[in-house]
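Next comes just one chain, in structure tokens: the form predicted on its own.
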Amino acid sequence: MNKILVANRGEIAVRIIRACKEMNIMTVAVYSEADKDALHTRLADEAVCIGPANSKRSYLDIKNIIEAANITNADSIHPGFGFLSENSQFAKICEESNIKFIGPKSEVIRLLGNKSNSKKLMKKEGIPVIPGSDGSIRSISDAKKVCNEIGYPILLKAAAGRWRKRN
């Protein structure tokens, strides 16, 4: 790796950029218009604006991030965490663009990104998993049934980070 584009902001971007500097690797910071003067933009060797303050139109805009990597000749992208770090489509586009995605392969992210699917895959491969539901919980009565089967305490994980009430 000769130059890494850090596709994140804030403390995580600062930590990645500092680690790269220790390894003598050039860095590119991306930033929204609101983050123009942020520390990560000042620490990086280069900085590219990728859009307005709204993260959907900047830090989550795959096209703008790939374009920033191309115009700065970055050969790798570190997604940090959050934003695009678990986005299999982003990892795949990096792979197709001959840009090293610093993280799991797109297929691994796709397979393991959904907790229910990854648990099924682990069971199929004979890997022990913690007790829990065998798929998505669709109702309060389903949740109570699983809780009574496995015992308490429990951890409830919302799909895609949110609870959706179903009619």
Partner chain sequence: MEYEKIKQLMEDMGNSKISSINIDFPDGTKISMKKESQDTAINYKADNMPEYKEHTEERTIENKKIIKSPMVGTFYLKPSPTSAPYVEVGKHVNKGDTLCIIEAMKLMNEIESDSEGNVVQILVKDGETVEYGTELFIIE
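The structure presented is a predicted model; accordingly, all values stated were derived computationally and were not measured. Positions refer to the first chain, counted from 1.
Heads up, the form predicted together with its partner chain isn't pictured, but that's what we're talking about next.
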item: Listed residue (I137, I109, A38, I66) with a non-hydrogen atom within 4.5 angstroms of its partner chain in the predicted bound form; value: I66
item: In the predicted bound form, the residue from A47, L60, I102, L43 that sits within 4.5 Å of its partner chain by heavy atoms; value: A47
item: Partner contact for G113 in the predicted bound form: its partner chain, 4.5 angstroms, heavy atom; value: no
item: Its partner chain contact at G132 in the predicted bound form, heavy atom, 4.5 Å; value: no
item: Proximity of L121 to its partner chain in the predicted bound form, heavy atoms at 4.5 Å; value: no
item: Exercise: N117 in contact with its partner chain in the predicted bound form, heavy atom 4.5 Å; value: no
item: Partner contacts for 21-52, taking its partner chain in the predicted bound form and a 4.5 Å heavy atom cut-off; value: Y31, E33, A34, A47, V48, C49, I50, G51, P52
